[in-house]
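Just the one chain here, laid out as structure tokens, in the form predicted on its own.
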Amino acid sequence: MASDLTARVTGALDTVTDPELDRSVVELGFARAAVDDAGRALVELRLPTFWCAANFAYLMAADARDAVAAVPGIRSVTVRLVDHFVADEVTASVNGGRSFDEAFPDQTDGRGLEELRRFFWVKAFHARQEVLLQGLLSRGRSDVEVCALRVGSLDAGDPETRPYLERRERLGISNAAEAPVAVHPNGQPIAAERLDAYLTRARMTRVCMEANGSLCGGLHATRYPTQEEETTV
């Protein structure tokens, strides 16, 4: 049934994050999807402002298309960015399989968006790691003990464990049982005597991301104060 497939599509879409905020576009209310009985999916993106950065919008649209296209039973995916200053360009390029550089040749250096994507992945890694390590410290572990901890010793029931390990994996950091938990984004261990300074910087990153998330959420709610009609294919 289309409703069951729509639920699976929404679940896939929930894995797509705003690159700057490291939060799901579904959770933020930025994206919604509909699927018809033929397995054709339409994803609609509505961002907080008309002037949200074109590269951010492209990343979310492209990631949404890839995530939904991977859902079994989906035959085609159309992504539509609306109410945005480059809505037409992003919509056409993502659905046409064109890169950001091809869509905006006068605004790029030809290196694509992977460097930008990694920059935000590193920020997300810092934010998630700070929460997890501060939790360990708050439960009585010393800096030395935290820096000696291995991935295999993490509590799988801790809600912070899985998100942190996912962000390590995304950066290519080993999640092997013997790998150290407290590491830099390049995978090198953090020395115990430097942990406090490291976490202070990481906390600043997290707080800034959370503040931006609150701002974007407020702007989005102001821009779209009422629930509009359902997205239809």
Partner chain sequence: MKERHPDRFILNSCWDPRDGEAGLRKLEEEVARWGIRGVKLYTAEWRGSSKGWKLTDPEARRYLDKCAELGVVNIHVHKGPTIWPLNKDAFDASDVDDVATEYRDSLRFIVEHCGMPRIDDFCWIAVQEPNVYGGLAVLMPFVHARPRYFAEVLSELLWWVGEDRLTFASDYALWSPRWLIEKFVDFQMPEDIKEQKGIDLTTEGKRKILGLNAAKLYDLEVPAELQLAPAAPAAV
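What you are looking at is a predicted structure, and each value in this text was computed from that prediction instead of being measured. Residue numbers count along the first chain shown, from 1.
Keep in mind the form predicted together with the partner chain is missing from the figure; the text below concerns it.
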property	result
All of D14, A67 and T161 with a heavy atom within 4.5 Å of the partner chain in the predicted bound form	no
The single option of R203, H184, R170, R40 touching the partner chain in the predicted bound form, heavy atom within 4.5 Å	R203
Among 170-178, 53-61, 26-34, 187-195, the region lying within 4.5 Å of the partner chain in the predicted bound form by heavy atom distance	53-61
4.5 Å heavy atom contact, P225 and the partner chain in the predicted bound form	no
Exercise: N95 in contact with the partner chain in the predicted bound form, heavy atom 4.5 Å	no
Heavy atom of L113 within 4.5 Å of the partner chain in the predicted bound form	yes
Partner contact for R128 in the predicted bound form: the partner chain, 4.5 angstroms, heavy atom	no
Contact set, 113-131 vs the partner chain in the predicted bound form - heavy atom within 4.5 angstroms	L113, L116, F119, F120, K123
